[in-house]
Ligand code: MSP
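Below you'll find only one chain, the form predicted on its own, shown as structure tokens.
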Amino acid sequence: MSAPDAFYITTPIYYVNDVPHIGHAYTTLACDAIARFMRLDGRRVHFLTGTDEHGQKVEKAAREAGMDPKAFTDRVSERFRELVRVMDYSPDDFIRTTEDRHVRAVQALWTRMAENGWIYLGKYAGWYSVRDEAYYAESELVDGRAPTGAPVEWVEEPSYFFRLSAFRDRLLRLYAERPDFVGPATRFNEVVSFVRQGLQDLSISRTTFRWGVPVPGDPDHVIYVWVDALTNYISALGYPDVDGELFRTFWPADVHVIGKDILRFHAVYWPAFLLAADLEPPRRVFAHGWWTNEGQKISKSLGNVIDPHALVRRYGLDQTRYYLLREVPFGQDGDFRHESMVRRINHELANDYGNLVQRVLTMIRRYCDGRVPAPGELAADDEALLARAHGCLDAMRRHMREQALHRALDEVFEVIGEANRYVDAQAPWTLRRRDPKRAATVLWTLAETIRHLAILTRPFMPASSARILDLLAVPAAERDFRALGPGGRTLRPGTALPEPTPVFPRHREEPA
């Protein structure tokens, strides 16, 4: 059982047969925002990402590139590390399935399942998709292809099998006891329906290629890539050393965040493997949706693959992070549109948030000698705005526990809207002439509200939020959630502030 203040979040490990795209960026970004939020909230966080480097698909891609599989995976894995840097992610570990620590863990998990009687040797005859690295029953094929549209091939070979069929009732019991095991709810219903129909034993080894982890005691067989890949979540914690500090602190995982296309592997196969090895299943699996591009399905053949590096160059890093997390309810499919991106940057970030910061700090510079004003007695309007800012964290906590990142951002922007309305209603530019003490109180209230907003937006837009906190001269040690609320820190009157500069410039397209 993990430590009570620990929080373990994972991305899927990304398959290295191609370069990173928006789907990879989106999943890791969501995990990064959640991990940053939990750290600011005082949790001990372990945030894992990495690359999945074995399997027939990788072997084929390496061969087509004229490279040795290890050299090929070294090169492509580095592209995913570069994405971490470009998108300002904050993982605590980056696992590669070609690492010795991972290979040891995969073989240890296999051995434990075999010793417990859940693996047997047989012969596989059926449909297999190299692109999906998945087996499909005849009834699942659509026009001779996998449900994903991938081509399938008929495979007959000796194979070790996992007794998945024996886990139907145990899995259904798990789902009944933990109705939040899979999110969102529609995905949970899909998983329960699939398992209720009955499960077939699963082929978990291959003999027709070599690029993988050998089966212990039978090196003619390579362990099925999904047994291999899923094990990363515990190999990164030091498995099979279940008494080690990392494993004891962080397992079971709090949430595996994945794309909806790999839900079955994570919500059915993975908990069954863990139960077979006498290990606890993760607490939650959350499956998000897919992106389209201007209404079209994204594919290399259409030439509309979205490069996250290009998004950052065109729109800015925090602007890209914000758009991807705010545009679509997390868990649903989304459509990337340039027009929508520009609207959110210019209207929400530049006009609403950025302009609030800029005009308040500019007024403090002009009317208060560039120092944090000293507040007088707070009026009802002041108390109401501060109460809304103080209450934002609890509302965000509820949403983040459910991976509803878009709703957490909604809470922030409701406070931004109230603050902008408060500025217009109080009109400190008028107050300063007839009641300078009241003007100082209004500006302090606004600055204090902005301080809250900047701390609350740190998980989503870390660099921009840090700039706002710098403009408020907030010390580095006072930038986490302990500094929020009526019992937290406040801005110190008289503190000198730097000259304000715009944080969120409007987006303008460069002429072609």
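The structure displayed is predicted, hence computed values, not measured ones. We number the residues from 1 along the sequence you see.
If you look for the form predicted together with the ligand, you will not find it shown, but the lines that follow are about it.
Student: Could you confirm whether residue 32 comes within 4.5 Å of the ligand in the predicted bound form, counting heavy atoms only?
Tutor: Residue 32: no, not in contact with the ligand in the predicted bound form.
Student: Should residue 21 be counted as a contact of the ligand in the predicted bound form, where contact means heavy atoms within 4.5 Å?
Tutor: Residue 21: contacts the ligand in the predicted bound form.
Student: Is residue 232 one of the residues lying within 4.5 Å of the ligand in the predicted bound form, judged by heavy atom distances?
Tutor: Because a heavy atom of residue 232 falls inside 4.5 Å of the ligand in the predicted bound form, the answer is yes.
Student: I'd like to know if residue 457 sits close to the ligand in the predicted bound form, meaning any non-hydrogen atom pair within 4.5 angstroms.
Tutor: No.
Student: Please pick out the stretch from 421-429, 373-381, 68-76, 258-266 that is in contact with the ligand in the predicted bound form, where contact means heavy atoms within 4.5 Å.
Tutor: In the other structure, the partner sits against 258-266.
Student: Can all three of 89, 327 and 341 be found with a heavy atom no more than 4.5 Å from the ligand in the predicted bound form?
Tutor: Checking in the predicted bound form: none of 89, 327 and 341 is within 4.5 Å of the ligand.
Student: Taking 4.5 Å between heavy atoms as the contact cutoff, choose which of 247, 209, 290, 127 touches the ligand in the predicted bound form.
Tutor: Selected option: 290.
Student: Since exactly one of 239, 226, 167, 336 fits, which has a heavy atom within 4.5 Å of the ligand in the predicted bound form?
Tutor: It is 226.
Student: Give, in sequence order, every residue of 1-19 that has a heavy atom within 4.5 Å of the ligand in the predicted bound form, or say none if there are no such residues.
Tutor: Contacting residues: 12, 13, 14, 15.
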